[in-house]
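We begin with a single chain expressed as structure tokens, specifically the form predicted alone.
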Amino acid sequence: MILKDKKILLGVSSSVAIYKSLELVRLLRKEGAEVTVVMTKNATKLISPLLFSAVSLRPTFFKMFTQEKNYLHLELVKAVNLFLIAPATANLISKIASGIADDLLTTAVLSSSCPIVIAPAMNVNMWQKKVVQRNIEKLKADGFYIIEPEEGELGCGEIGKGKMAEPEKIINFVKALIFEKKNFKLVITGGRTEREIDQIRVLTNRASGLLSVLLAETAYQLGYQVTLILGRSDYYPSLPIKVKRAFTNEEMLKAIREEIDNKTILIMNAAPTDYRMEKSFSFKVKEKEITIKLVRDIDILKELKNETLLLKVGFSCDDQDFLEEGEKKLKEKGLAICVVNPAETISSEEIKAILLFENGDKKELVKMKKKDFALKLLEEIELWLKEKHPIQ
């Protein structure tokens, strides 16, 4: 278990989403973590600290000054692997962004040197306020990790974005963040390649590049050393990620080989062209009818089959027999994991995928946003590394 014997400090503020924090404690302990809870004073009016102590099997803290401990805020953060604040109200977020330390929780934040993850929870109107969004961006710039709230029915009955992320999603984020990544790097390919028909027209496909950008951004936020090799794409990273452009299969293969070594995780999410013109035209074709002959293009994954990598992940997208095609690709391309998904997901913001593993295991996932799938896939990769090929 990734979280076994890890020390987690859980900060809890006074949102109605506080009931989810109890489930967070239970799930963290189930993963083997040691959880200590620190609450704001107002949070104790919603749920008794005794209840958190009963679930965590450890004392719960909320008073700044006690007779037993002189420097409680320093002792709480000592040797902590991760500081998780869930739920975080707009008030607490504003305090942390401004460096205010007027209670035990905010003082512990200023005293902490470990990664800090914040899961906001508030009314949709509060979340949309410019001052709140400025504070969120300020926290991101200062190195805090933000798990954005979800859309849905809020505690007040309104519909909109503001509900705290579900405990399972937060746990996945924590597991991905806390996993040791310094011994390897991540190379992700994305977008689509193309081949000339003539000076104006090209052969290509409908891949949007969305998932590869989400994978790169999520991995970057989790502390990976990331290189994104991007073909034609409707999307581009908003974070300072290393990006190399490659618009043909040859260019993409060359860019991959320049980046990989035996400590590389390669996620081949790009959609390279399967075919190219046997002979393209050197001028713009103006005839009413033309006959063209297509031949097979370079198969990038097949070319990389014998490369010594830490891990190789591929994607298989088809409109029929997609599971059989995925199993075939897994074996023929020498993949550790193959993500199988039907053709309709290629230009969608959602994905319903099946993960095939080299040892014969299969995991069918529910339909989810591609942003959530990016985190899920990274978690599966880390589990594979942890359990099958542990890094010393």
Ligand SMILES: Cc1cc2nc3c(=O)[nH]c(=O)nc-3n(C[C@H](O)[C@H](O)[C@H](O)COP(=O)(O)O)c2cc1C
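Start at 1 with the first residue shown and count on from there. Note that this is a predicted model, so its numbers are computed, not measured.
Only in words, not in the display: the form predicted in complex with the named molecule, which the text now covers.
Practice problem: Let me know the one among 27, 64, 355, 46 whose heavy atoms come within 4.5 Å of the named molecule in the predicted bound form, would you? | Solution: Among 27, 64, 355, 46, a heavy atom within 4.5 Å of the named molecule in the predicted bound form occurs only for 46.
Quiz item: Considering the named molecule in the predicted bound form, which of 225, 81, 91, 280 comes within 4.5 Å of it through any heavy atom?
Solution: Selected option: 91.
Quiz item: Is there a heavy atom of residue 42 no more than 4.5 Å from a heavy atom of the named molecule in the predicted bound form?
Solution: Yes - in the predicted bound form, heavy atoms of residue 42 and the named molecule come within 4.5 Å of each other.
Quiz prompt | Partner contact for residue 216 in the predicted bound form: the named molecule, 4.5 angstroms, heavy atom | solution = Contact with the named molecule, no.
Quiz item: Would residue 368 count as a contact of the named molecule in the predicted bound form, using a 4.5 angstroms cut-off between non-hydrogen atoms?
Solution: It does not: once the named molecule is placed as it appears in the predicted bound form, residue 368 has no heavy atom within 4.5 Å of it.
Self-check item: in the predicted bound form, residue 16 touching the named molecule (heavy atom, 4.5 Å)
Solution: Although the named molecule is absent here, residue 16 would touch it in the predicted bound form, with heavy atoms inside 4.5 Å.
Quiz item: With the partner removed from view, which of 168-176, 115-123, 144-152, 296-304 is the stretch that lies within 4.5 Å of the named molecule in the predicted bound form, judged by heavy atom distances?
Solution: Going by heavy atoms within 4.5 Å, the stretch is 115-123.
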